[in-house]
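Below you'll find only one chain, the form predicted alone, shown as structure tokens.
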């Protein structure tokens, strides 16, 4: 069989070609669309992309296996740059309590929340954890995600945290690219109840050096918020991680703005995530920084809040913005990035083009993988989608749906095309 693919017949081919940096301002709306586009993939990488009239006549296209998009949209795969997908089981008791009127903090005091998942994850075998994570990755792939970040932080003890990171490494490429993040500072474990400083000391002195030495994570994250870690604790932790060479990420201003977004910008963190309660005075600082604002509207919807992150103000100020699912068992059980794009449009007033950019190339910049994925350009990894849509704006329009007809990862088709679709034949 040919190692080349010819994708032809795309009504809209969204290349997102542009500057090799996170997109800001007007750049967020520039999808670099090729009408009636085509693409040649060779050995898992894009060899040529452009108009059908040009690409189909290239010598590379001759003898390639043909995928006919049949007037559909072709676009880069989604980059889900913030998830907690290794969690064991859903928190259905939390869900019931929330429907009875209890809030996030009341649920935690009743024995739910993060620590209930910690108890479960600690008790699970490595094989069960791996199988659960594999299931979620498959679900994401079906909905068009091709690269995903996954955080630890549901074990909160040395051995199990390291085990989770090793499992995540073993899942890289099966079927998605997996980027592990160490989130030891997710919550204070039961053994350190009332002693958060001691837990931070332990992480700095005993755990971070091991994670670094074994190269188990690319990033370190900290949850800096009300009933989590203070700004002083977060700074101390991030400074130690930075000295060890980790990229920095920060859960910031989800429930209260303690200054974590400002800290992220000052320290050159890769991202500040959530930002629902961001102080508007911090927006210009974020806009001037290299820190990307990762917005997570799925958790806002699921918690029944109306306090979405100020996407429009961030974009208008010139901040780089990305979108992600925040997939987790307590506050955002959604693996479909298309739902996130819809929420970004309808609830945060991002345009469909801005949402697509935030969910692809800007997400790739958050994870440091924009050199190989996030856009459809020659030399990049062939991570792309064929949507059952004729216009890209349909993604935000059909909320809760999946328009993904085909997901292709590094030139490999994930799943089976529907009968009668994408007639595979060798191009003449």
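Residue numbers count along the first chain shown, from 1. These numbers were taken from a predicted model, which means no experiment stands behind them.
Missing here is the form predicted in complex with a small molecule; even so, the following discussion is about that form.
Trainee: If the cut-off is 4.5 angstroms on heavy atoms, which of these, 130, 91, 72, 163, is the one near the small molecule in the model of the complex?
Mentor: The option sitting close enough to the partner is 91.
Trainee: Sort through 308, 237, 335, 104 and report the residue having a heavy atom within 4.5 Å of the small molecule in the model of the complex.
Mentor: By the 4.5 Å heavy-atom cutoff, the listed residue in contact is 104.
Trainee: Hey, of 155-163, 283-291, 206-214, 327-335, which bit sits against the small molecule in the model of the complex at 4.5 Å between non-hydrogen atoms?
Mentor: Looking at the other structure, the answer is 327-335.
Trainee: Does the small molecule come within 4.5 Å of any heavy atom of residue 146 in the model of the complex?
Mentor: It does not: once the small molecule is placed as it appears in the model of the complex, residue 146 has no heavy atom within 4.5 Å of it.
Trainee: Answer for residue 181 alone: is it within 4.5 Å of the small molecule in the model of the complex, judged on heavy atom distances?
Mentor: No, residue 181 is distant from the partner.
Trainee: Applying a 4.5 Å heavy atom distance criterion, does residue 277 contact the small molecule in the model of the complex?
Mentor: No, no contact at 4.5 Å.
Trainee: Using a 4.5 Å heavy atom cut-off, state whether residue 114 contacts the small molecule in the model of the complex.
Mentor: Yes.
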